[in-house]
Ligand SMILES: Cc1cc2nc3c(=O)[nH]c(=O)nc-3n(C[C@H](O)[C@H](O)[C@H](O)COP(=O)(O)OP(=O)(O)OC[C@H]3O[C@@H](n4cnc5c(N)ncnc54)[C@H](O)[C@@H]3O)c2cc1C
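Shown below, as structure tokens, is a lone chain in the form predicted alone; questions about how it binds or moves come after it.
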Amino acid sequence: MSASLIAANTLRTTEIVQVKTESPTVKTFIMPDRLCSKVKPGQFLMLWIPGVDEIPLSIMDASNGLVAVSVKQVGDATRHLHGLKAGETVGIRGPFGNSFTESRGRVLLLGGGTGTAPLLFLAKQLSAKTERLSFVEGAKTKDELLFIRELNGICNEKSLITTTEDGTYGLQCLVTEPLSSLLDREKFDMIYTCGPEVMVKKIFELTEQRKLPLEASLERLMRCGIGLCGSCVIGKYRVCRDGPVFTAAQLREVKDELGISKMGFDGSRIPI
């Protein structure tokens, strides 16, 4: 294990300095951490909720010694985390994993749910460097769409497309539905995505049909964050060490598992 990984894997305790409510189910937690404040978009950290559990989280922003993560309440650990306030203590390990590569041409980002968080981080860094930046975000309902104000500040009106399954905001459809016509209408030098794996699989299929470059961040069960436990395996890859960002060529190698099945807490293969 390299010295840098040993340092990253050392648990540091820190205090939450700010909690922001993003939606009825999502909160952003901002904490000081020297190592994680220097990350690149796409990397993740392991957040320890004392007395409860440790969970993997994509990084939503990082600068000036601070790191931010956006967390949806989905289970016991995240329920306890949502109950914490500024001044309370948590633990951090990381940063772990690889990052998105930067493209300076015409780029498209597609986010679903809290998968929008690392893409917002990426969009902020790309906005001044790219020829054109387009963003498609989807959610079940208007209240669950994240970071609309921030994205409006980065993208112009025609470059931000929003979808909701119930039609309460933007187009009434899944986030993947406007993609076919968008890819046929415009030429993109790079496409980035993060969100539910079923969504990622559909985007992968659409970009493969058109032989377009893609980088996708995968969300899988992670217990250790350093490639030892095997809980995040997909094909020959460990998402925590070989990802979480994968290229189209790598996704091609694991397409029989992508969006189909994953490892459960007991080590068994379960359908997604």
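In this text the structure is predicted, and so the values were computed from the model without any measurement. The first residue of the shown sequence is 1; numbering continues from there.
What comes next is about the form predicted in complex with the named molecule, which is not displayed.
- A single residue from the set 160, 77, 148, 183 has any heavy atom within 4.5 angstroms of the named molecule in the predicted bound form; that residue is 77.
- For the options 212, 35, 221, 30, the one in contact with the named molecule in the predicted bound form, meaning a heavy atom within 4.5 Å, is 221.
- The stretch in contact with the named molecule in the predicted bound form, judged by heavy atoms within 4.5 Å, is 69-77, chosen from 126-134, 102-110, 69-77, 162-170.
- Using a 4.5 angstroms threshold between heavy atoms, residue 39 stays clear of the named molecule in the predicted bound form.
- Contact annotation for residue 58: at least one heavy atom lies within 4.5 Å of the named molecule in the predicted bound form.
- Within this chain, residue 193 is remote from the site of the named molecule in the predicted bound form, having no heavy atom within 4.5 Å.
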